[in-house]
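Presented below, as structure tokens, is a lone chain in the form predicted alone.
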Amino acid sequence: MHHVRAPLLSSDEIAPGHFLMRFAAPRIAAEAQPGQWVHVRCSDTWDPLLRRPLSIADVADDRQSFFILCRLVGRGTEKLVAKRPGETADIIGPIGHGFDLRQVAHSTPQRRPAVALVAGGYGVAPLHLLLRTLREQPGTDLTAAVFIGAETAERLLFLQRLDELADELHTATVDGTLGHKGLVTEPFQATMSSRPADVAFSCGPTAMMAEVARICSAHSVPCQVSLEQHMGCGVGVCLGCAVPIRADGGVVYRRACCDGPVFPGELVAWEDMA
């Protein structure tokens, strides 16, 4: 990981309270992998004290800059989104173990591997970079079904870009303002029952990812989940982001910040997640 002072290049409110921010940081952008994140100091003072963990949502084509999706939720993010282009932020990254792309088989003349990506609200950020990377991976011609859900239509993020990258785009909103009315796991389950994917990736609320993992297990489909945990230090010392993982017939705790944030869905002890 690198510790840099990165200039802000742009900041756009792409949905109410959601800002896509682009920082110039060639060393971070050059090494960033889907599922990794950065630790950002929100202001130039010690208020707030702790950094904020933010997923890397995309990287520029020239690998000179990267994008984060920042959701306005409190004093820290309020200070961060108040920055203007030309101002800088203290950033550490890229951090963590991201998605394992080796589970996506290479295509053959007879078969194209099928992947499913299931995102809930803000959890779309790492999946956007994942799908773009899969599309650009040499030797892989795949079919991608994207399932994205949110409370309302205005909170469905990256829709145009995902529509360009996906073979199928399924939307779900709790209030029914766009796509399926209900939870995003419902169209995902219906699709998996008729056309199971070869591998699934997911990020979003814990309950959603637990259901995605259950559906995948029922169809013997490997699943990778990016766990959204509160992270304090970001380097594995404070243990504030510990998550229960099944191992050797029991449950052990792993650090989401550096052992994850991506884990096999079938290994997460969902009933013990806070």
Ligand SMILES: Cc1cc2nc3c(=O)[nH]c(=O)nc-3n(C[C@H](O)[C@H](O)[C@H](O)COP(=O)(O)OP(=O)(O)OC[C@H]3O[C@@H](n4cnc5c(N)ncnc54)[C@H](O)[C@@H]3O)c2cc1C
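Here the structure is a predicted model, which is why all the values come from computation and not from measurement. Just count from 1 along the sequence shown to find any residue number.
The next section is about a form of this same protein that is not shown, the form predicted in complex with this ligand.
Chemist: Sort through 125, 130, 117, 184 and report the residue having a heavy atom within 4.5 Å of this ligand in the predicted bound form.
Modeler: None of the others qualify; the residue that does is 125.
Chemist: May I ask you to choose, among 213, 243, 69, 59, the residue with a heavy atom within 4.5 Å of this ligand in the predicted bound form?
Modeler: If I apply the 4.5 Å criterion carefully, the residue I get is 69.
Chemist: Would this ligand be touched by all three of 98, 196 and 224 in the predicted bound form, meaning a heavy atom each within 4.5 Å?
Modeler: No, the candidate spot makes no contact with this ligand.
Chemist: Give a yes or no for residue 64: in the predicted bound form, does one of its heavy atoms lie within 4.5 Å of a heavy atom belonging to this ligand?
Modeler: Judged by the heavy-atom cut-off of 4.5 Å, residue 64 is well away from this ligand in the predicted bound form.
Chemist: Is residue 230 part of the interface with this ligand in the predicted bound form - any heavy atom within 4.5 Å?
Modeler: Yes, residue 230 is a contact residue.
Chemist: Using a 4.5 Å heavy atom cut-off, state whether residue 34 contacts this ligand in the predicted bound form.
Modeler: Judged by the heavy-atom cut-off of 4.5 Å, residue 34 is well away from this ligand in the predicted bound form.
Chemist: Contact with this ligand in the predicted bound form for residue 54, defined as at least one heavy atom pair within 4.5 Å: yes or no?
Modeler: Taking the distances in the predicted bound form, the answer for residue 54 is yes, it comes within 4.5 Å of this ligand.
Chemist: Heavy atoms within 4.5 Å of this ligand in the predicted bound form: which stretch among 146 to 154, 170 to 178, 130 to 138, 69 to 77?
Modeler: Only one stretch qualifies here: 69 to 77.
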